[in-house]
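Next up: just one chain, as structure tokens, the form predicted on its own.
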Amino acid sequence: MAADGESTIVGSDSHFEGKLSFERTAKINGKFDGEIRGKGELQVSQNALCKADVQAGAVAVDGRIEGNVKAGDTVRLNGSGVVKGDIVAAKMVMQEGASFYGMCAVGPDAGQGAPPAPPKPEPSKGGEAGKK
């Protein structure tokens, strides 16, 4: 088990392919292709490229994620952050300069199943008005 303050790091000169799981904090400084699952926070550094579906407690993006992101708490897109994929999170913060391409479900009930169906239009009253 990791000690307090210990992090998993993919270095800036590294390219990792596969599945990554972590408990506390994981930081991607290089390139990652695959799948990421963790209970803690995933940090994607400014020059990092992460081609993966991500599920974590929280996600902070300064670099680039190409894949779907699901966070139990907050997704934070900082000024240089880019996400190309769908985001599901309880909270989302997007700073000026960040880019996001995809669909988004944010709120305390996000990810709790299918979104509610849109309301059906009410039938118009007096639809025959003006006819003789």
Partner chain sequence: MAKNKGPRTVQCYHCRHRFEVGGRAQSTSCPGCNKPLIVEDLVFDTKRSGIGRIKVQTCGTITVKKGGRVTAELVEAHGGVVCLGTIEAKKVISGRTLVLGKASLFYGALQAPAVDMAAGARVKPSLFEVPSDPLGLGDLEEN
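Quantities reported herein were computed from a predicted structural model and do not represent experimental measurements. Residue numbers count along the first chain shown, from 1.
From this point on, the text means the form predicted together with the partner chain, which you will not see here.
Using a 4.5 Å cutoff between non-hydrogen atoms, residue 108 counts as a contact of the partner chain in the predicted complex. Not displayed here, the partner chain is approached by residue 99 to within 4.5 Å at the level of heavy atoms in the predicted complex.
Residue contact with the partner chain in the predicted complex: residue 37 places no heavy atom within 4.5 Å of it. Looking at residue 104, you'd find a heavy atom of it within 4.5 angstroms of the partner chain in the predicted complex. Of the residues given (91, 70, 27, 51), 91 alone sits with a heavy atom within 4.5 Å of the partner chain in the predicted complex.
Contact with the partner chain in the predicted complex, defined as any heavy atom within 4.5 Å, is confined among 60-68, 91-99, 29-37, 43-51 to 91-99.
Along 33-67, not one residue places a heavy atom within 4.5 Å of the partner chain in the predicted complex.
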